[in-house]
Structure formats: C-alpha cells, structure tokens
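This document starts with one chain, in the form predicted on its own, laid out as structure tokens.
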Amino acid sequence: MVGSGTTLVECRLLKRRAIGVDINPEAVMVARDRLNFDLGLLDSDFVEPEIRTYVGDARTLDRVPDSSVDLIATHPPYASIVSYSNHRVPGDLSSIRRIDEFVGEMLVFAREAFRVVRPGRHCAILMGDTRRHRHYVPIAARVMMAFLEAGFVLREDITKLQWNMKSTRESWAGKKYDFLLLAHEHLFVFRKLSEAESGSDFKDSNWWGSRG
C-alpha cells in the first residue's frame, strides 16, 4: 500500500532503506517517478540508500523475509470511500464496500505485517472512519482490534486533525445536517514485542487482547 510513494521519498531523503509494495501498477509507477530526483545537489556526501518497489499484495509479502523490517508505515484505503485506481484492480482493498470484509482483509495484512516486523520494532497505520446513513462507522477501532489480534501491542493512538476540513466544520449548518463532519484520523503505532517480553507478564491478555 505504498500509494504515491511519499514515505519512500522521505526514506531516500533520510538515507534509509525501504521497500514499497502496491497492488496497483499505476501507484508503483507514480512512486518510482517521484523517486527520480537528484539529491547530489543537496548533499555532496549523499550515499544512495537501497529502495525497492514492486507490484504485489500487502497481504502476501512474499519478497520480504521474516523479522526483517524495522518500521511499516502505511495509509490504507477505507473500504470503498476513496478509489485509488482509474480502473478496477483485482484484490484492491479500496474497492471493498462491506466493512466486515474490509476488516477481515486488514487482519490478513496485520498478520503478514507481524511476520515481517522485527521483534521490538513498529508498524504505524493511519486509518479514518466514515458515516453510512448518517451513522458513525468506527472502521479505525475495528482495524485496531485486528492488529491486536494479530499479535501487536498498541504503543500510541495519535489523533490527526484534517485541517483542510476545519473551516467546513466550523461553518457546518446544523439546521441542514443532523450529524458532525468527520475531521480526524487515527495514527495507530503498534509494536511487536521482543521474545523476552512475549514470555513475561508484559503481554497480559486482559490489557492487549489475545493473539490470533
């Protein structure tokens, strides 16, 4: 779920190795194009980091070894709310409308993420919610539980305000709409416990949830 490749660009600027995977070939091409810039003019001592991109499914990271990644950073689609392709791509999570199905597929991804992340390292995922028939649908909370079920523990839940929607919310006509505008997302920072932590009472199922 590399999207337009912003994370890869930041990795290159910070001299960090990175792997970008997306099921949509168009997204991978955009990411590769954004990576095509000259850093030599900015840093004469620049050493090119290894950055790989490929078309693949984040639910099956077959090119990524077990316990080999320090950080996963991703902003997945939210169950058919935003389409990330001009045409239907088989397996694209952004085309799934049923929330139960979407959360189920996110659980598959969470388990794969847990496999590739090193013990003691992190997985950060930015998720939003939606409304259907005027009612609040807590997609983010359900995805959070999926990651806990996969074995992660939650280190932080950071609320990200959608500032480009702030004025819209302030001018919301209460007489016209009987619900609030969603103007935030959740940045969940999960952590994979080390072997020593996993074997201790640090991971109490009453606190973290059981591993699936």
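Just so it is clear, the structure is predicted and the values come from calculations on it, not from any experiment. So that there is no doubt, residue numbering starts at 1 and follows the sequence shown.
We do not show the form predicted together with a small molecule, though everything after this point is about it.
TODO: Work out which of Ala150, Val69, Val143, Ala27 lies within 4.5 Å of the small molecule in the predicted bound form, going by heavy atoms.
DONE: Of the candidates Ala150, Val69, Val143, Ala27, Ala27 is the one lying within 4.5 Å of the small molecule in the predicted bound form.
- [ ] Could you confirm whether Arg115 comes within 4.5 Å of the small molecule in the predicted bound form, counting heavy atoms only?
- [x] No.
Open item on the list: Does any part of Ile23 reach within 4.5 Å of the small molecule in the predicted bound form? Heavy atoms only, please.
Closed with: Yes.
Open item on the list: Check Pro77 for me: does it contact the small molecule in the predicted bound form (non-hydrogen atoms, 4.5 angstroms)?
Closed with: Answer yes; at least one heavy atom of Pro77 falls within 4.5 Å of the small molecule in the predicted bound form.
Task: Distance check, Gly91 to the small molecule in the predicted bound form, heavy atom within 4.5 Å - done: Flag for Gly91 set to yes.
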